[in-house]
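In structure tokens, one chain follows: the form predicted alone.
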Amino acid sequence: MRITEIISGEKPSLSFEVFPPKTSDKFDTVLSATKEIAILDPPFMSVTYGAGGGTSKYTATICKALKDQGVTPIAHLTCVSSDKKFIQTELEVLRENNITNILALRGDIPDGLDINKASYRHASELMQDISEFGGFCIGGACYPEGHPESSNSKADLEGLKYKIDSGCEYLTTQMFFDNNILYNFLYRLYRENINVPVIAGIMPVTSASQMKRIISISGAALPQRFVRIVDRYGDNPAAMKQAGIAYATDQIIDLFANGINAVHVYSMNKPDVAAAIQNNVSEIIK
């Protein structure tokens, strides 16, 4: 089923992301966690893709396992370290496994790579190739706080328009911790007549070390009430986990209450966290 069909209804959608292992010896552990999350019967799950295709074989395998378990998968596909021939091969593998939903991303630029000499400089170029290949529902990323490489908000929105013109049918947001940031972003999309569906990405922060990594990677703004939670409970792992789940749940309930019907949880391969959040909103997503 196409993701745009799944998220187009009035019923709230709570989905999850997992990521493949970096090495083969961790594969069984990750696959087991993925299957445990799939038991929750989410409407779909996404599977990330390593830089340069380092975990690409695992991405397709995990997506196929999800399909076998009755869950619609989204395969992430990044392009910055790939050439067009490699991407064609990846698309053929996904087609052979009947995986029809892709989140098309440029990916982080590796150290030493001259982006101007790369086969792909932007995600929109990958989207064009996927669209020409045919048969896929194509999604893209968006940044409620602005893409870190965009010079200003106007340039950021122009980039999103170009993605849509290149075949992007829905957007998934970078994580955010203040829902007002998302609401303001959606209003800017509305003013610019960007009307593809937007899936809100939520990251449950369950440890202080996780928060530090999130800040270094995403640059997401942290509301004071969230900072106070980490300051108060960061040294108590069990309490921090409970508080992080509660904070994410509060975000999700507020999003659903304000008409954002598609929420994607970056579950970090933690079935217990995914299950706790789903249980907290079980009556809301019925």
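Position 1 is the first residue in the sequence shown; the rest follow in order. Quantities reported herein were computed from a predicted structural model and do not represent experimental measurements.
Below: the form predicted together with flavin-adenine dinucleotide (FAD), not depicted.
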query	finding
Contact assignment for flavin-adenine dinucleotide (FAD) in the predicted bound form, among Ser82, Asn101, Thr172, Thr206, heavy atom within 4.5 Å	Thr172
All of Thr48, His76 and Ala141 within 4.5 Å of flavin-adenine dinucleotide (FAD) in the predicted bound form, heavy atom check	yes
Stretch from 122-130, 207-215, 176-184, 93-101 whose residues place a heavy atom within 4.5 Å of flavin-adenine dinucleotide (FAD) in the predicted bound form	122-130
Interface membership of Gly167, flavin-adenine dinucleotide (FAD) in the predicted bound form, 4.5 Å heavy atom rule	no
Proximity of Ile202 to flavin-adenine dinucleotide (FAD) in the predicted bound form, heavy atoms at 4.5 Å	no
Partner proximity in the predicted bound form: Gly159 to flavin-adenine dinucleotide (FAD), non-hydrogen atom cutoff 4.5 Å	yes
Close approach of Val198 to flavin-adenine dinucleotide (FAD) in the predicted bound form, 4.5 Å, heavy atom	no
